[in-house]
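Single chain ahead, by itself, as structure tokens, in the form predicted on its own.
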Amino acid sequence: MKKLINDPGQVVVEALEGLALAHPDSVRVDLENRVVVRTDAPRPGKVGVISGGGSGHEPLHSGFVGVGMLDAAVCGEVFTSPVPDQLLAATQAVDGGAGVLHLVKNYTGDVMNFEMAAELAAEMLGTRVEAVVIDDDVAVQDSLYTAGRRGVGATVFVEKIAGALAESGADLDAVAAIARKVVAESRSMGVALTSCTVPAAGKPTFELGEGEMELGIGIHGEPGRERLPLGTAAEVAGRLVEPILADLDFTGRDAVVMVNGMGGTPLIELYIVYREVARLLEGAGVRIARSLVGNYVTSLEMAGCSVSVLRADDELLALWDAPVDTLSLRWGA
């Protein structure tokens, strides 16, 4: 294992200390609970929006804390759900009296712990909490970590659009409704070219031959849909786009498209993949209205990428275009 770390048991807390030192004007960090909070939270009368999960997927979620997106991110250990006490601390930190929205990627531990935290928030703080579960991955119906589809790249779409509506002053029911709409309109598919190495484990999570790829991988090294010979960028893009289009009809619709790096693939290769994805989508009658290419939902240093597509209307595009000012997503602010 070759990593720039001091102690495998202190990776998350030392990374958060670094984050706090690097961006004191944007966020504050509760190191005890491992919660990243925007500096002006809580804002009276504003719906608080929080998300979280296991670490190792940066910039998700801490990189998306700020104006127009998340009010707080909760950081579990690497690939491990945060516990209810951490989630309760984050809920309290962003509660401005208008309720709090929990955005939860569909992994069994995350769903259970967010549910417990919501119950505790109601009982102990009197805070109304709504939760929206994100399950956009079309690769598998169930995985080692989930009942139902996994929550992956569309998390960025949900956090951006729900965060924008919350920033406008909308109430909790409206913010939760738009988050559910984005989930319903989003689909994703990913591929791994190599494994990642969890620091505490010290060895690759799985083995892939030099000429192999794992199609339909999750963001924790879970097995994918099938193992295949590594193809060209065009062939890989086809295997990612085809199941997305088969799962939801995007024909003649506007779309927000994201080609997301898994942490170990250079940007130059991601743009080659985007070229092929754009060609395929436009050939299928999909109008690409907005796009993102880069590392947004990673899996440590795993090589590979995922494609996420959001079927958008004027309402969703307007919220997507609304100003955002976070560490890893910024425009219009």
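Source: prediction; values computed, not measured. Residue positions are given as counts along the sequence shown, with the first one as 1.
As for the form predicted in complex with another copy of the chain, it is not shown, yet the points below apply to it.
The partner is not drawn, yet in the predicted complex one stretch among 261 to 269, 32 to 40, 65 to 73, 45 to 53 has residues with heavy atoms inside 4.5 Å of another copy of the chain: 261 to 269. This chain appears without its partner; in the predicted complex, the one residue of Val256, Val129, Ile244, Val236 with a heavy atom within 4.5 Å of another copy of the chain is Val236.
The single contact residue among Asp173, Asp85, Glu212, Glu119, judged by any heavy atom lying within 4.5 Å of another copy of the chain in the predicted complex, is Glu212.
Candidate site formed by Val11, Pro59 and Tyr274: every one of these residues places a non-hydrogen atom within 4.5 angstroms of another copy of the chain in the predicted complex. Using a 4.5 Å cutoff between non-hydrogen atoms, Glu17 counts as a contact of another copy of the chain in the predicted complex. Using a 4.5 angstroms limit between non-hydrogen atoms, Ser26 is distant from another copy of the chain in the predicted complex. Among heavy atoms of Leu300, some come within 4.5 Å of another copy of the chain in the predicted complex. Residue contact with another copy of the chain in the predicted complex: Arg279 places a heavy atom within 4.5 Å of it.
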